[in-house]
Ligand SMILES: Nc1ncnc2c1ncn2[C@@H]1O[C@H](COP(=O)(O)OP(=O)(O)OP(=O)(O)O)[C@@H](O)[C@H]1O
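In structure tokens, one chain follows: the form predicted alone.
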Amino acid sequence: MTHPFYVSRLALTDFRNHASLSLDFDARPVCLFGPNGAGKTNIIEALTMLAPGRGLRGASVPELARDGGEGRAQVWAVSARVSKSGEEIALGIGAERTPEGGIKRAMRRDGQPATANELGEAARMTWLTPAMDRLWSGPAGDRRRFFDRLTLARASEHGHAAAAYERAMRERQRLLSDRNFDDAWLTGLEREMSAHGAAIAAARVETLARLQEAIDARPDGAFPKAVLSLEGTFEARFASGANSADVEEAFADLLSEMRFRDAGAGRALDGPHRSDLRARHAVKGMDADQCSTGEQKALLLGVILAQARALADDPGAGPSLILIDEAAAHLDAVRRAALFDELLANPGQAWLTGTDESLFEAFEARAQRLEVRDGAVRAV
């Protein structure tokens, strides 16, 4: 039997517009409603700070603090208790002052210092925001970051590989920009890039395979099926059956060959940092970026729902939270009710925001409703 996965308690201290907030929950979906600017999205963002990375808005540590009227950044804290596989896990993250007067991020799991990966493994999650409604027709970088978050939810080591790749790439470009073509130094950095780049590409290909399988297994309904593909040289090599050693070698050779070109361009023109995620509407046979806004949102929701199923079926992952900011945007009443039914069937808890309580009527008593107004939260 699969136990529900949910947040049973969430507490915020000096986070965004919330000075002090402590809430208890059961396993039902959580619906936050209230006027724009009340702090609904801030609560969702607080949860995403428990995932690897910089959260829903990509904010820096100081930006997350409540000003407090003193004109300087304050420390902040987010703590949560999650129920997973029938057990309770305490998670916490916040900003602490250093002896030198700076600010650093601190993380804990069950009262002990923890890494971002350890928090992420305990609280896997996927989120959607209104800014992502046009994901399929927007910049490739947005789709790449979106898909990397999906990959990170399945494979926590993906974040380490991406960070190491970026560091090596920046150092290589610094040398090239300075016209420093020290072969030994550059070769070492290019070997780092190729090793981590191959790991990134391999993880993406594995995620895509699992995700597409889950999409194909979904019943036809309100959310159309997408046919996904990764456009990237090294992802294509893995998809065609190449092994990691061969991909690494090919990437390292290419980087070495293209040093002068990359020096002139001011950036590396090849690698997984240039890859793209593409989608087609399976029934219409139409590229997602050519679909209507409503269809694009429905395709994206179908991907998110399939991702939750893929994680739940993966013994190495398990159920995940689904967070949807402004959940009703571009959804008619029929699709909204269908979304709620699918979220209720997911073993991981859903968190949704909206401006009006009536948007969540289809849940009836199957969800928890909380009104957010001026930084205060009231159960209704």
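As the structure is a prediction and not an experimental result, all values here were calculated from the model. For every residue, the number given is its place in the sequence shown, counted from 1.
What comes next is about the form predicted in complex with the ligand, which is not displayed.
This chain lacks the partner; the member of L311, A51, A46, A65 within 4.5 angstroms of the ligand in the predicted complex by a non-hydrogen atom is A65.
Between the ligand and the residues R28, R335, H330, R57, the one pair within 4.5 Å by heavy atoms in the predicted complex involves R57. Within 4.5 Å of some heavy atom of the ligand in the predicted complex lies at least one heavy atom of N17. When the ligand is considered in the predicted complex, T41 lines it closely, a heavy atom lying within 4.5 Å. Under a 4.5 angstroms non-hydrogen atom cutoff, the ligand in the predicted complex has P35 among its neighbouring residues. Contact annotation for 322-357: residues with any non-hydrogen atom within 4.5 angstroms of the ligand in the predicted complex are E326, T355, listed in sequence order.
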